[in-house]
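Presented as structure tokens, the chain that follows is alone, the form predicted alone.
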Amino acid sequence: MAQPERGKDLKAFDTELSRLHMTGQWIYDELLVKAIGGPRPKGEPYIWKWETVYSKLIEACEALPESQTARRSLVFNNPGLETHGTTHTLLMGIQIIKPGEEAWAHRHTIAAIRFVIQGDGNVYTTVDGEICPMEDYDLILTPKWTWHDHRNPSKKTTIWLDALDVPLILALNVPFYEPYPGNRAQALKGDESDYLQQRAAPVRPTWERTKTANLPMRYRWKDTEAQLKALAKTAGSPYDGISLEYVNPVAGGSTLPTLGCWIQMLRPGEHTRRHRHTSSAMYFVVRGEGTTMVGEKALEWQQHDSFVIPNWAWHEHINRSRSDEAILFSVNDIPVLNAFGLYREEPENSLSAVEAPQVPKVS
């Protein structure tokens, strides 16, 4: 066995190891030292204004006349990431479907949600044969490996927000995709009594074992908004206002294993406290206008704008109106971090993340 060379130059040795597809552990030690105090935010805070997005959606209808095979969706790429993604684990975009169109069915290991921006209830998403009508601000789930398609039999254009775990699935190298046989719309279940959604209600059949995962689900906006208003006079969260999580109605827990969905209300004049967490989040403004400070960057938003907050970035929300509430819908990757015990939250001044809520400050 060869004896180690004395006085070998470390930089030259690193180069030599690289040629052999090896790396000295000391390289990673240097990276770990840089992690003292936590990670650097991955990506940048950024906002996509609705006025611009909507105009490009209309142009997309001209550039892509048919949407059966290629979804007419504009996805948001974070300018601070080298790869496509709104955050390093999540992807968000806005999709449009014209009157009379049907987007053909398929399934994949990517999980997705649809948050309806413009829908009259006649348009619907089909998930594993179950019809989910699309009305304004409804949330519809298309869990991983469920057949799904979108159909617009109405005379109105429909628009919704897509959120998916694409960057995560690609990073894990587990993307599977399958078009529906014949590249067409899937068959519908004949009767609503066969719907899994009927088994997700507070009252359920006693003669069946209820499925707990990959459920087709529609969360109606009128129910969600009513819950927000019912809790409006409580203290809420000092960091997020009146914030509610969409949960799995059967098993509890997050909306989907890789996607968490929140809805939050900022009351008139409410200014939340700063905090940061290891999760990243993508936001859509349902109504209102305000400012989200991410570090020293001010994201000025109004109705139907979209914006992103990278992980481990200090942020706070401000409702600029002193008379009207603001409502934000968001999608995060908290479920993934919780699964690995990696979720961490750090409020300002190192206060406990589970302390009692404080009365919101008004600016």
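Just so we're clear, the structure is a prediction, and the values are computed from it rather than from any experiment. Start at 1 and count along the sequence shown; that's the residue number.
What follows is about the form predicted together with a small molecule, which we do not show.
Heavy atoms of Arg276 never reach within 4.5 Å of the small molecule in the predicted complex, leaving it off the interface. The closest non-hydrogen atom of His106 lies within 4.5 Å of the small molecule in the predicted complex. Put simply, Gln197 is far from the small molecule in the predicted complex: not one heavy atom of it is within 4.5 Å.
Not displayed here, the small molecule is kept clear of Leu228 by more than 4.5 Å at the level of heavy atoms in the predicted complex.
Val166 is the sole member of Leu141, Val166, Val116, Val286 with a non-hydrogen atom within 4.5 Å of the small molecule in the predicted complex. This chain appears without its partner; in the predicted complex, the one residue of Gln186, Gln95, Asn122, Ser237 with a heavy atom within 4.5 Å of the small molecule is Gln95. Segments offered: 156-164, 79-87, 130-138, 250-258. Contacting the small molecule in the predicted complex at heavy atom distances within 4.5 Å is 156-164.
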